[in-house]
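Have a look below at one chain only, the form predicted alone, in structure tokens format.
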Amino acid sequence: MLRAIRNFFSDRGFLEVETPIRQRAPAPEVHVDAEPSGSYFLRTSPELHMKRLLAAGYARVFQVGPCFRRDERGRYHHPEYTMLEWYRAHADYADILADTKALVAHVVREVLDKPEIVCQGCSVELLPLWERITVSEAFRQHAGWDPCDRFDEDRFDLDLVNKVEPNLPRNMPVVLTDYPKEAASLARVRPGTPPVAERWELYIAGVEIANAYSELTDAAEQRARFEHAMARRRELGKDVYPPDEEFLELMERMPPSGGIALGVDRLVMLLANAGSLDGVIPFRE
């Protein structure tokens, strides 16, 4: 799979990069906790450093490597995991979706030599159709309310896990798109009634595989969102990370861009028809 991923991006003119694993300033997401490493933190994502490269003029970059989250362990979660991220200048979340469809097709063809998988008794046709459902549609149908119209953070998270995700179609990939603006701190917001964040998540056989954005490029707005997230973390008694001032400064030069994070371990799990990440991660420290 790793060979297929690298060949896919190399053939499309992407540059493979490496960015720091230890960071002074992780992105301050409210419910994502970074593992301390001395006076630094182990990265939960290479996102901010990769966006610095976009600002420096690198138009297409990708990276495969380890990421870490404190105290996350379960069927689909490990405290150390492998993430694939890629970013494209002068692109948006629709362009990233096209990349993702092509990548999944390429990887499945190279690894399995067939267009479908069987995962825990469910047959999933990976091509050509992917179901696309807005967050508003999914929540109105399965939870009885629209979080894009009236956001409630706690209710949103609970209903997403308990009511929406279990009812998503499983016989084909599903793209859950256009999130509440409050649920996408690094994404561009599209004006409308109500406004929505240009964010989507990909589900295969009910498992969330990837998270994509049209990237926010307004430095003042990004700073305000970071400050809001840091205040929420402080209220919840969590570590409060310093702002990444170099990233915020370089955002002034960042072109309109799209980007994505894809869980490599979860994709391996699905293609191997394993019941959990424990079935495909050989070392579980």
Partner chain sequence: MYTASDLRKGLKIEVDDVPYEVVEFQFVKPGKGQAMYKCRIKNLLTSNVTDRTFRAVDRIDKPDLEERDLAYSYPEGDHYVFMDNKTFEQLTIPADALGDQKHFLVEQIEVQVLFYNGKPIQVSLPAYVEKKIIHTEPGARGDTATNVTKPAKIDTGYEIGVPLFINEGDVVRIDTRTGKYFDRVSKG
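This structure is a prediction, so every number in the text was calculated from the model and none was measured. Numbering follows the first chain given and starts at 1.
Note that the form predicted in complex with the partner chain isn't included here; everything after this is about it.
This chain is displayed alone, yet in the predicted complex one of G74, G192, G121, P128 has a heavy atom within 4.5 Å of the partner chain; that residue is G74. A single residue from the set T82, S185, T177, T100 has any heavy atom within 4.5 angstroms of the partner chain in the predicted complex; that residue is S185. The partner chain is not drawn, but in the predicted complex it has no heavy atom within 4.5 Å of E137. Using a 4.5 angstroms limit between non-hydrogen atoms, D154 touches the partner chain in the predicted complex. Contact annotation for W200: none of its heavy atoms lies within 4.5 Å of the partner chain in the predicted complex. Mapping the unseen interface onto this chain, Y87 falls outside it, with no heavy atom inside 4.5 Å of the partner chain in the predicted complex. The stretch among 217 to 225, 242 to 250, 51 to 59, 65 to 73 whose residues place heavy atoms within 4.5 Å of the partner chain in the predicted complex is 65 to 73.
Taking the partner chain as it sits in the predicted complex, the stretch 132 to 167 comes within 4.5 angstroms of it through a non-hydrogen atom at E153, D154, D157, L158, L160, V161, N162, E165, P166.
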